[in-house]
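What follows is a single chain, given as structure tokens, in the form predicted on its own.
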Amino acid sequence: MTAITAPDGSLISSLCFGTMQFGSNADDNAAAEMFAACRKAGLNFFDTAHAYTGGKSETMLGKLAASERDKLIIATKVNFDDGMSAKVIHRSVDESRKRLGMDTLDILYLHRWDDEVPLEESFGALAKYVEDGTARYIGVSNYAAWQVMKAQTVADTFGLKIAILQPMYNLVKRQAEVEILPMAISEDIAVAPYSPLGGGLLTGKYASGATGRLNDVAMYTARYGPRWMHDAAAELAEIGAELDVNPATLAIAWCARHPGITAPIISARSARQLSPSLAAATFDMDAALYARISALSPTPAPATDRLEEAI
């Protein structure tokens, strides 16, 4: 995989902390405690976006990261509300740099695919940032495999390499296994997947009768509504109880074990809630346990849909 490093040369950590909840469910104190817990656990990779919490996420992360900037890999994503035009990209990057208090962005992602703007315009804008040192690595988020390859063809004309992807991937959302992860391995692209806990489904709390955003937020209710997903989560919790391991630790360690994965993005509202996720960094999941957990959810058919080839 692409060797992504911090400015001081440190290799990327095996987990990334996502700061989407900074400024909403996590106030300044909670954010500081989680940042400290991540650093203590050896994480140097932190993710945010222009769109998160009205800019509070970037501002809070920037303040926390300032004292050891060169040791960290800071990623942000271009605002997607108005498309991926050069004008939007330039405005978004200027605002993100001010919020973060950073001249250089280690990873700059396009947040999503835009059918309305030519790739030449978007990647032409990104090329200027790489050329002048404003961005060290370029990435894309929420792209299909064909979109990544189409974008890389255009990026090549500017001398750019798509270094990292940010897809959704977890035990009950395995579509990335069909084309995205094989493509990333083939093309030497790092992968930092989001939602390794399935919106909280794989923590086991819903299996024990608790409620949360899967009940209250329509997007998550639809995304994780199928009964079989909840059954898989309940079985994962049972395996956790058998092994005396938090199911969140198992879910993230399972995600991280795929050879195409670089660093799953973990997140939380508090240091206490974050603890089981951080534990995945040192959890040794052997092949037998990986296979046992994988069997809890359907393996997606190969891209050719020749099911016999998956046996």
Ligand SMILES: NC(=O)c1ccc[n+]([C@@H]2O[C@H](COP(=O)([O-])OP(=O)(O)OC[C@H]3O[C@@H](n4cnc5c(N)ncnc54)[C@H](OP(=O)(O)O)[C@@H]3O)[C@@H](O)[C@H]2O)c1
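The shown structure was predicted, so the numbers you read here are calculated from the model rather than taken from an experiment. For every residue, the number given is its place in the sequence shown, counted from 1.
Unshown form predicted together with the named molecule; subsequent notes refer to it.
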Do heavy atoms from each of 104, 139 and 262 fall within 4.5 Å of the named molecule in the predicted bound form?
-> no
Is there any non-hydrogen atom of residue 161 lying within 4.5 Å of the named molecule in the predicted bound form? no
Within 4.5 Å, heavy atoms only: does residue 72 come near the named molecule in the predicted bound form?
no
- Query: So, in the predicted bound form, is residue 26 in contact with the named molecule at a 4.5 angstroms heavy atom limit?
  - Reply: no
Verify the contact flag for residue 212: yes if a non-hydrogen atom of it lies within 4.5 Å of a non-hydrogen atom of the named molecule in the predicted bound form, no if not.
yes
Among 152-160, 233-241, 128-136, 213-221, the stretch whose residues bring a heavy atom within 4.5 Å of the named molecule in the predicted bound form is 213-221
Contact check, 13-29 vs the named molecule in the predicted bound form, heavy atom within 4.5 Å, ordered by sequence, gives 18, 19, 20, 21, 25
